[in-house]
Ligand SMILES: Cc1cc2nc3c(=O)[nH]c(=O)nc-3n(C[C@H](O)[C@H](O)[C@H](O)COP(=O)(O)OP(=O)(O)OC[C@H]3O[C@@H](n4cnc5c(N)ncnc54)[C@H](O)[C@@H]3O)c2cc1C
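A single chain comes next, written as C-alpha cells; it is the form predicted alone.
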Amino acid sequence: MAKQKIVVLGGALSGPTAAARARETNADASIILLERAEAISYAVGGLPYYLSGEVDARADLAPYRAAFFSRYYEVDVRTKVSVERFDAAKRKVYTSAGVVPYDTLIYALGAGSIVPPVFGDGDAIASNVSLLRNPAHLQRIDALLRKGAQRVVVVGGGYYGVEAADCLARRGCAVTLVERGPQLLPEFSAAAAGQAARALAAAGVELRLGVGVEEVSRKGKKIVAVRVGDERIDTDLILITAGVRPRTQIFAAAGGELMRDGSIHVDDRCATNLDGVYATSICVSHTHAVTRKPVWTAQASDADKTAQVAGENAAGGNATLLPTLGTAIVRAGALQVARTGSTELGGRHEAAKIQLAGHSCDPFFRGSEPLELTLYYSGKSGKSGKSGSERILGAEVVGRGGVDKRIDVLATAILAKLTLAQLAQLDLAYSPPYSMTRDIVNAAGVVATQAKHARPWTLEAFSQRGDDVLVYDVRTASQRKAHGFAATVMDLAKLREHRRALRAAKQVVFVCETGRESYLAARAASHMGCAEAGYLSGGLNALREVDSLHT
C-alpha cells in the first residue's frame, strides 16, 4: 500500500507545527515541507524582545532547524523553494524546484506585510527600512543598531508596532511611533488604547496619532527623514509594522474561496472548500465563540491551534477546532493591556458592561498594582430567568501586573459558557502576594449580577443623562479637593439620613473615584426604596481617562 503523501506549504510557525502533528498522527506518511526562506520554525512574536535585550540570542528564537525536523520527525524540509501554484484537481504543487504531487495539502503561507507606498517597493526600499517578521529582518535591524542607528520611526500602531516601540525604547533608542488611525491598538476600546498610549509616552516614546508618513527624504540609499503631517522627523532606522494581509493568492488561483478580508475560512476540521486541502496560520479565519461569525485574528496562538488540527486531520486523524475569542495581550511601557471575546455593545446580544477597579494582589502587600476590568455580558437572563444567569461576552483588563491571568480566566469562562453567578463563585487561588480573597474577576461577577438593584451607568450614558437625573458625589473631602466634579455631595456613612430624598427621586447616580463606593451607595439606596439607583461604572477615574483622549 502506497504511503500517504502530505505536502505542507510554509515554514514559519504553523507549517512545521502542522508537519509535526501529521507525523505524530501517521508514522508512515511521506511529509514534505516547502519554504521559500532559509529559516523555518521561528518565533515571530519573540523578535522584538531580542532588540530590547530580553532574549539573549537570535538563535533562541529559531531553535528547531530544518535538520532537526528531518532527523526527528522524518519530514523532508525543502527551504529556498518558492511555491508558484497548485492544482487541486490533479493534486500537484508547482514550485521553483519542480512539481510535487500530494494526497493532502496543508496551506500555511501566512500573511504578507503591508508597506505604505511612500516607502517604495522591492529594490526601491531604502537600506535602513525594514519589516520585523523573520530572523533575516531581525539580523538586518540589529546590524543597523549596532552601527549606531539611534533614532527610530515605527510605522503602524497595532500589536506589533506597540511591542516594537516598547522594546526599542527599552534598548535606549529615541522612538517615534506613527499611526494613521485615531488610536493605537484598534481592537481595544478608546479608553484602554488611550492608557496604552500614555504608558508608552511615559516610557519615552513619541506618538503621532491620526497622521501618516506623507513624504520621505533620501540621502543615497537611506531615508534620513519622514514628513508626518507638517512635521519633519529625522531618523536613522524605519520599521514597518503597518499590518498584514493574508497571503492567499495561490489558494484563490487554485479555486479556493476567500472571505472579504482575503482570509481562508476553515471549518472545525481546518478543511477548506477544496477537497484534500487544509489551511492554517495567520491566513485563516474561523468561527468566533461569541458572535458565531467567521473572524480573522492573525494571531500566533490561533495559528498554533489551527496548525495542530490541520496537521492531524490531513494525516487521517479526527481533531476538532474550538471557536476563537481573539484573546490578546500587549505590553506598552509599564502597562499591560489585554482583551478577549466580544467587546462591542450591540449586535445579536443585548449587551451591557460594567467597569471595576481592583488590585493585582492584596493592597497591603508591597508590589500590589491597580487593575481595571471592563466586563461585557448579555443584558438578558438565561433560560432560568434568574439574575446572574446572563452570559459573559467579553472583557478588557488593564494594569501593571496580574493582567495575564485575569484575561485567561475570563477567556476560559466565556468558552465554558459560565454565567455571571458562576463567575462570582469561581474558586480562584488566594495568597496575599498573588491575589485578593475576592479577586477582581469574582467581583465583576458579583457586581454584574446585582445590576438590577444597582444600575451600572456607562460613561456614554452618563454623559447623555437628562436634567432629571440626580448625581451624588460620595467621595472623601480629600478626593474632591484633588479632583473637582459638579455634583451634590453626600457622605456615604450618612446615606441613610437621606432616605426620604432618595425615595422621592426617580433616578439617582452616585459617583466616586473607582466605582466601588458609588456601587455600595447605589445598593443601599435601592434597598431604601429608591426607584432607580445607579452608579458610574469605572468611576470618575474612567471618566477622566476618556476626557483626556480629547485634550
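Throughout, we count residues from 1 along the sequence that is shown. Only a predicted model underlies this, so the values are computations on that prediction, with no experimental measurement involved.
Here the subject shifts to the form predicted together with the named molecule, a form of this protein not shown in this document.
The stretch from 255 to 263, 460 to 468, 180 to 188, 128 to 136 that comes within 4.5 Å of the named molecule in the predicted complex, counting heavy atoms only, is 128 to 136. The partner is absent here, but in the predicted complex a heavy atom of A111, alone among A111, A271, A88, L209, sits within 4.5 Å of the named molecule.
Here is the short version: of V295, I250, A289, A424, the single residue with a heavy atom within 4.5 Å of the named molecule in the predicted complex is I250. In the predicted complex, no heavy atom of G515 sits within 4.5 Å of the named molecule. At the 4.5 Å threshold, heavy atoms of R36 reach the named molecule in the predicted complex. Contact check for Y472: no non-hydrogen atom falls within 4.5 Å of the named molecule in the predicted complex.
In the predicted complex, the named molecule sits beyond 4.5 Å of every heavy atom of C530. Contacts to the named molecule in the predicted complex (heavy atom within 4.5 Å) from stretch 69 to 86: V81, S82, V83.
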